[in-house]
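The chain below stands alone and is given in structure tokens; this is the form predicted alone.
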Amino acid sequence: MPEAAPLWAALVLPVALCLAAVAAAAFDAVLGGDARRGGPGVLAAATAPVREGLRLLAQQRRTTPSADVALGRIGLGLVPVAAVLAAAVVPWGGVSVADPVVGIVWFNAMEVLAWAAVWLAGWGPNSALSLIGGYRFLAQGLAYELPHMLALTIAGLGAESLRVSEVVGAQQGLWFVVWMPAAFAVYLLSAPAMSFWGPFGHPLGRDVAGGAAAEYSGVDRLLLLGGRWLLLVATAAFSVPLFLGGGQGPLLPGWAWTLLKTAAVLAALIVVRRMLPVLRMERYMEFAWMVLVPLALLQALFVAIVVLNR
């Protein structure tokens, strides 16, 4: 079981998550190709997320007639809050901000909180385009959530525990990704869907003028767009204790291995994102229910047989 984290770790976690999100956004901006096309150069592309964040901080908030300002701002605030609370159960080496008995369920619950947050953000401005974006995220959840929950459950089944530290401990000598590759792949597919990003960016789609973010500017827009990067980082980080042995590794301390593995998963997601078009949810839902769910169930059956014969 990991050591109880000092109180200051709870304050450091949001800062560390923000830094990781900025780094991921910078990497994505560099890969975006502006520099290769004679744009402002690699350095300028890498600093573009920071400049955009500062610009939004200085920008005035937009208001719309008859807006439900309170609910909209609650939704906007909940997006980054859900990401930070989800990341709280990720163990960094031998230290975890929180290690509840039901840590896997906690992570999944924060994901559902993000659903409500994006829907509220879409509802708030009293705009059809924003509301369409909010409902798109709910529809997206129906498409990816069931295989995602099965992937989380399979890791817990293999460890015979829902406590994240015990899932890491069960991978001594053999990481779960080695004998649960299908569950790992399903989990990685759901990571960008949870953060409505990349091929799963329909809730903020251009065809609806930005969807849930259409009527937001200034700090409000920064909370929503920054929050989804935080969700992506939190989801990538959670794959490490679930399938990649947590902080296990030679020479380096546990927290360094967790950091390196999280960076590798994030980089892979960002690179693969460039190779995939935006997916229509009804097609992904068909793929999820016809392919991913049966695949995850077969993986669960295999893991259950292994566990019963230990």
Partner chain sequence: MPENTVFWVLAALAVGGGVMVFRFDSMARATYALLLSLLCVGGMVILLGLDYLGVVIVLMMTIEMAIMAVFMVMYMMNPAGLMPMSMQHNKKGAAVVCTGVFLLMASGIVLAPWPPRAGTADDDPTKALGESLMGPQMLTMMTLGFALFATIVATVLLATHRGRYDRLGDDLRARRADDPVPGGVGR
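Numbering follows the first chain given and starts at 1. Model, not experiment: these values are computed from the prediction.
Absent from the display: the form predicted together with its partner chain. The rest refers to it.
| message | Is it the case in the model of the complex that 108, 113 and 135 each bring at least one heavy atom within 4.5 Å of its partner chain? | response | The answer is yes: all three residues contact the partner (heavy atom, 4.5 Å cut-off).
| Can you pick the stretch from 90 to 98, 126 to 134, 214 to 222, 197 to 205 whose heavy atoms fall within 4.5 Å of its partner chain in the model of the complex? | In short, 126 to 134.
| field | residue 287, heavy atom within 4.5 angstroms of its partner chain in the model of the complex | value | Residue 287 belongs to the contact set for its partner chain.
| request: Although its partner chain is absent from this view, report whether residue 280 comes within 4.5 Å of it in the model of the complex, heavy atoms only. | output: Yes, residue 280 lies within 4.5 Å of its partner chain in the model of the complex.
| task | Determine whether any heavy atom of residue 70 comes within 4.5 Å of a heavy atom of its partner chain in the model of the complex, and answer yes or no. | result | Close contact exists here: in the model of the complex, residue 70 approaches its partner chain to within 4.5 Å, heavy atoms only.
| Quick one: does residue 120 come within 4.5 Å of its partner chain in the model of the complex, counting heavy atoms only? | Contact with its partner chain, yes.
| query | Within 4.5 Å of its partner chain in the model of the complex, heavy atoms considered, which of 85, 162, 188, 150? | reply | Checking each option against its partner chain in the model of the complex, the one that comes within 4.5 Å is 162.
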